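Take a look at this one chain, the form predicted alone, written out in C-alpha cells.
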C-alpha cells in the first residue's frame, strides 16, 4: 500500500464575491509513478470539482501546468509524487495574473513581451515562397534551436527576484528571445536598435546574476550562455 499524501492547495476564486484566499488540505493514496498532474485530476474528480488548474499536453511541452510545488516553480506533469515528501504544498505562480486557485494567465504577459521585443526576423528582403530556405552553419542553427525550445511556462519569471520587484523587467524568457534573434544572421537589425532595446534595467542590466531562472527551467535551456553572449554584444556595441 502506498503512502497517504497530503496536498495543501491554495484556493481562491476572484470571480466569487467575498471569497477569501485560503489553504485547503486534501488526502490521496499514492499510486506507482503518480505525477502531480494526475494527482490534481484525481482530487478534482473525487474531492474538489471546482479546483482550477491548467493543462494541455501532459508531456512537458505546453508549459500550462507550471505552478509552485513546495516553493519551487516547475511543471506538475513532470513532477512525480515519489520525489516529494508526504506533504505537498501547491501555489500558483507569482507575478502573473491569478485566474483562480492554481491557474494564472501567462499568455497576456508573453504576448506583450513578444510585441515589445518585436520577436520576428527583421529584414528588407522580399519573401519568395518558392525560394530555398537560407542556409546557415550548423553551430548557429543549434543555438537558435536551443533558444526556440522555450515553452513559455513562466517558471523562470516566477523564480526571478528582479521580476518580482520590477514588473517591466523582461526576465529570462525575454532575454532568451532576444538571444534567439541576435544569433540569427537573417535578422538585419543594427547595433543601435539592439542597444536601445536591451541595454537598460528592463533588459540585460536588470539581471543581477542569481540565475534562479537557470535552476528552475524545465527544458534546461542554456540561459547562462545566452545572457553572457548578450552582455558581450551590448558591451561591444557601447564601445563602438
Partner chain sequence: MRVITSDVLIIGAGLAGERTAIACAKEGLDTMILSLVPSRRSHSSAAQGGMQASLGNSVMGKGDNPTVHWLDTVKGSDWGCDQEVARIFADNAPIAMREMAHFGVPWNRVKGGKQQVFIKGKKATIEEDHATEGLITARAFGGTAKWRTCYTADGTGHTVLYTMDNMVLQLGIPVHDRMEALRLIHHDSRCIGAVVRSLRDGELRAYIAKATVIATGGYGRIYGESTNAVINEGSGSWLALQTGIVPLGNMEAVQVHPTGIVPTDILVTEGCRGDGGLLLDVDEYRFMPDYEPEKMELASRDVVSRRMKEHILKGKGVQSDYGEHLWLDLRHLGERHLTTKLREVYDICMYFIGVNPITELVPVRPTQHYSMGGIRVNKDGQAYNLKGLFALGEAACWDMHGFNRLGGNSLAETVVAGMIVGKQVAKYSKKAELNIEVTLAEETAHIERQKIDKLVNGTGKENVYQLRDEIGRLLTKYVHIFRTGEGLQTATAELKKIVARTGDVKVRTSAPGMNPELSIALRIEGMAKQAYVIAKGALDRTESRGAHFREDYPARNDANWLNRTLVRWPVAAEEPQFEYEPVGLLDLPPGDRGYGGGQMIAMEISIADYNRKVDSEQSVKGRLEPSEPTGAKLPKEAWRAELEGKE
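Positions refer to the first chain, counted from 1. Owing to the predicted nature of the structure, the values given are computational and were not obtained by experimental measurement.
Below, we refer to the form predicted in complex with the partner chain, which is not included among the displayed structures.
J.: Can you check 167-175, 22-30, 40-48, 197-205 and let me know which stretch has heavy atoms within 4.5 Å of the partner chain in the predicted bound form?
T.: So the stretch in question is 40-48.
J.: Taking 189, 209 and 240 as the candidate spot, are all three within 4.5 angstroms of the partner chain in the predicted bound form by heavy atoms?
T.: The answer is no: none of the three residues contacts the partner (heavy atom, 4.5 Å cut-off).
J.: My question is simply whether residue 77 lines the interface with the partner chain in the predicted bound form - judged by any non-hydrogen atom within 4.5 Å.
T.: Within the cut-off, so yes.
J.: Quick one: is residue 72 in contact with the partner chain in the predicted bound form, heavy atoms, 4.5 Å cut-off?
T.: No, residue 72 stays farther than 4.5 Å from the partner chain in the predicted bound form.
J.: Hey, in the predicted bound form, is residue 106 touching the partner chain, heavy atoms inside 4.5 Å?
T.: Answer yes; at least one heavy atom of residue 106 falls within 4.5 Å of the partner chain in the predicted bound form.
J.: Quick one: does residue 94 come within 4.5 Å of the partner chain in the predicted bound form, counting heavy atoms only?
T.: No - in the predicted bound form, heavy atoms of residue 94 and the partner chain never come within 4.5 Å of each other.
J.: Can you tell me which bits of 49-77 touch the partner chain in the predicted bound form, meaning any heavy atom within 4.5 Å?
T.: Contacts from 49-77: 49, 50, 51, 52, 54, 55, 56, 57, 58, 59, 60, 61, 62, 63, 64, 77.
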